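Given next, in structure tokens, is a single chain: the form predicted on its own.
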Amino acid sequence: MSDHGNTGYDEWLDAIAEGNAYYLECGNGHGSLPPRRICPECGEGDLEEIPLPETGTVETYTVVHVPAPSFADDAPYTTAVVDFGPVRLTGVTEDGVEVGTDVSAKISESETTGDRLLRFERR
């Protein structure tokens, strides 16, 4: 990933790649994803890193056939929104997933740019 304003995001991807995925939780139990300095729901500034559940469930997905130029070589590909309990993540996933499929968060690379991507794999 480029070095423009992603402070915290690359570190989060590193944590997922190393098997130490996490999310941020405020004292009121609201989950969010880094980088954050305050809870987006209640504004609390004291956020703790909590291990991300190993398995999430696909809530919705779509197959992209006409991509943005930065994903031209990746198409067609499937993106999904996955529920990990306190947080929802959006990333690319394997073809053939369905709503309710259990997946885990991994890291892969874009065929177009070589940038790291959040990828979901079936459990």
Partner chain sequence: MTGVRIAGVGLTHFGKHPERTGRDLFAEASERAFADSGVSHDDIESLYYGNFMGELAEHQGHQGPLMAEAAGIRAPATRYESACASSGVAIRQAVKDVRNGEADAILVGGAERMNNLGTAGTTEALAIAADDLYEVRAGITFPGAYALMARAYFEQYGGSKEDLAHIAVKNHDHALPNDHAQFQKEISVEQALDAPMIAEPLGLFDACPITDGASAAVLVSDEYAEEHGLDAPVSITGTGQGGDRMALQGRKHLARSPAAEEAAEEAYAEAGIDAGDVDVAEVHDCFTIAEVLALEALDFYAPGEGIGAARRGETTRDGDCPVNLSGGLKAKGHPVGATGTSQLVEMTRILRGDHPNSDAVPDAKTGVAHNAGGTVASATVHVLEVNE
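Positions refer to the first chain, counted from 1. Just so we're clear, the structure is a prediction, and the values are computed from it rather than from any experiment.
One more form of this protein, predicted in complex with the partner chain, exists but is not displayed; see below.
Engineer: Tell me, out of G29, G96, P40, G45, which residue has a non-hydrogen atom within 4.5 angstroms of the partner chain in the predicted complex.
Structural biologist: It is P40 that has a heavy atom within 4.5 Å of the partner.
Engineer: I'd like to check something about L33: if you look in the predicted complex, is any of its heavy atoms closer than or equal to 4.5 Å to a heavy atom of the partner chain?
Structural biologist: L33: contacts the partner chain in the predicted complex.
Engineer: Give a yes/no on whether P69 approaches the partner chain to within 4.5 Å in the predicted complex, heavy atoms considered.
Structural biologist: P69: contacts the partner chain in the predicted complex.
Engineer: Considering only heavy atoms, tell me if E59 and the partner chain come within 4.5 Å of each other in the predicted complex.
Structural biologist: Heavy-atom contact with the partner chain at 4.5 Å: present for E59.
Engineer: Taking the partner chain as it sits in the predicted complex, is V92 in contact with it (heavy atom to heavy atom, 4.5 Å or less)?
Structural biologist: Yes - in the predicted complex, heavy atoms of V92 and the partner chain come within 4.5 Å of each other.
Engineer: Taking only heavy atoms into account, state which residues of 104-122 are within 4.5 Å of the partner chain in the predicted complex, ordered by sequence.
Structural biologist: Going through 104-122 in order - heavy atoms within 4.5 Å of the partner chain in the predicted complex - there is one hit, L117.
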